[in-house]
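Given as structure tokens, the chain that follows is alone and in the form predicted alone.
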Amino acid sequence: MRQVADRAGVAMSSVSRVLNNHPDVSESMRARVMTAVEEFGYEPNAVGQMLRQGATKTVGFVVGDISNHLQAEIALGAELALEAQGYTMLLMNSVNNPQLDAEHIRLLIRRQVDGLLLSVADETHRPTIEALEAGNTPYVLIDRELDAQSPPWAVTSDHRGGITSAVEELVGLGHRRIALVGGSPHVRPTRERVAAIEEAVARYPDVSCQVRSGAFTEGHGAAATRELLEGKLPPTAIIAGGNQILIGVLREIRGRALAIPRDLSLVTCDRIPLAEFLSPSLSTIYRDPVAMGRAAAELLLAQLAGQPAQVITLPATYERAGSCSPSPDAVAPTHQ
């Protein structure tokens, strides 16, 4: 900046006024300063400028696993909404490690981000909660619940509605043994799905459910499916509680030479890339991840503007497709 001032023959304060579009600058001075700026390739320190204004115009996003197509699309929706308002998003991937969640949160707060978007791996992880409490930085949760945040700012999905609709159709197709292969019990989506399937089957005295919660991984999907199918009363329908879990479920079903839906009906939570080319097509409990990210970003901007706290719940809708058919041992269920 001093070099620009010397070349233009003006004071450094005059360079600052030109670069900040101050109205009290003559056209000749503005021209001399901008010519010098171009000659030196000078780039003002944007962070320094924004800090002087009391904000950095940056938002941190801590995501559990960016390789998960769902979370990648959520991040895309958030970034598009933030960019439209002049914000930059810094993405930190925790690979589903709660300790990394806490470390990333502390790092982003040290970098003085204006706010945080969080899809943490474990809502009960104490270091994560302590990092947020110590930082005093505004944040919005994406399908998560934290006791530390009161009143809550969050975007959630109606997992109960989606699971309930899927179970009702499976029961209508004569399925009396339904299983849910879920993800981590330490996050909201799994808890909501488990509660929903248990409540839904409780309405039918001759329908049972088996739940296998674990990690949102292909390995857990395969191991849980193997255990279910080797049990004394194997399910006739399985709900895969996540697109990464689904891969393991499908691999185990194929390894046993079972046909979908002739031998086993299958429902998945969240769409996977290229799903339209699968045969049979997958019955899916669908939510719009880009809309979730956009809503989370808009909530954070509202929080930064001083608006009152709110929780937005977006729909999760069941879409029946070719992977569900009448149970092999179908008998009409009895309503309680």
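Everything numeric in this text was worked out from a predicted model, so none of it was measured. The term rigid core refers to the most C-alpha atoms you can superpose between the two forms while keeping them within 1.5 Å. Sequential numbering from 1, following the sequence displayed.
Just so you know, the form predicted in complex with a further copy of the same chain exists too; it's not on screen, but the next bit is about it.
Quiz prompt | a further copy of the same chain contact at residue 31 in the model of the complex, heavy atom, 4.5 Å | solution = Residue 31 lies outside the contact set for a further copy of the same chain.
Quiz item: Going by a heavy atom distance of 4.5 Å, is residue 171 a contact of a further copy of the same chain in the model of the complex?
Solution: Judged by the heavy-atom cut-off of 4.5 Å, residue 171 is well away from a further copy of the same chain in the model of the complex.
Exercise. Please run the contact check for residue 193 against a further copy of the same chain in the model of the complex: heavy atoms, 4.5 angstroms, yes or no?
Key: No, residue 193 stays farther than 4.5 Å from a further copy of the same chain in the model of the complex.
Exercise. Indicate whether a further copy of the same chain has at least one heavy atom within 4.5 Å of a heavy atom of residue 302 in the model of the complex.
Key: Contact with a further copy of the same chain, no.
Quiz item: So which of 223-231, 197-205, 183-191, 92-100 is the stretch with heavy atoms within 4.5 Å of a further copy of the same chain in the model of the complex?
Solution: Result of the contact check: 92-100.
Quiz item: Which listed residue (246, 166, 82, 118) meets the criterion of a heavy atom within 4.5 Å of a further copy of the same chain in the model of the complex?
Solution: None of the others qualify; the residue that does is 246.
Exercise. Let me know the one among 88, 217, 124, 213 whose heavy atoms come within 4.5 Å of a further copy of the same chain in the model of the complex, would you?
Key: Going through each option in turn, the one that passes is 88.
Quiz item: Judged by heavy atom distances of 4.5 Å or less, which residues of 266-292 approach a further copy of the same chain in the model of the complex?
Solution: The stretch 266-292, when checked against a further copy of the same chain in the model of the complex, contributes 272, 273, 274, 275, 276, 277, 278 at the 4.5 Å heavy-atom cut-off.
Quiz item: Comparing between the shown form and the other one on the rigid core: C-alpha of residue 323 shifted by 2 Å or more?
Solution: Result for residue 323: no, shift under 2 Å.
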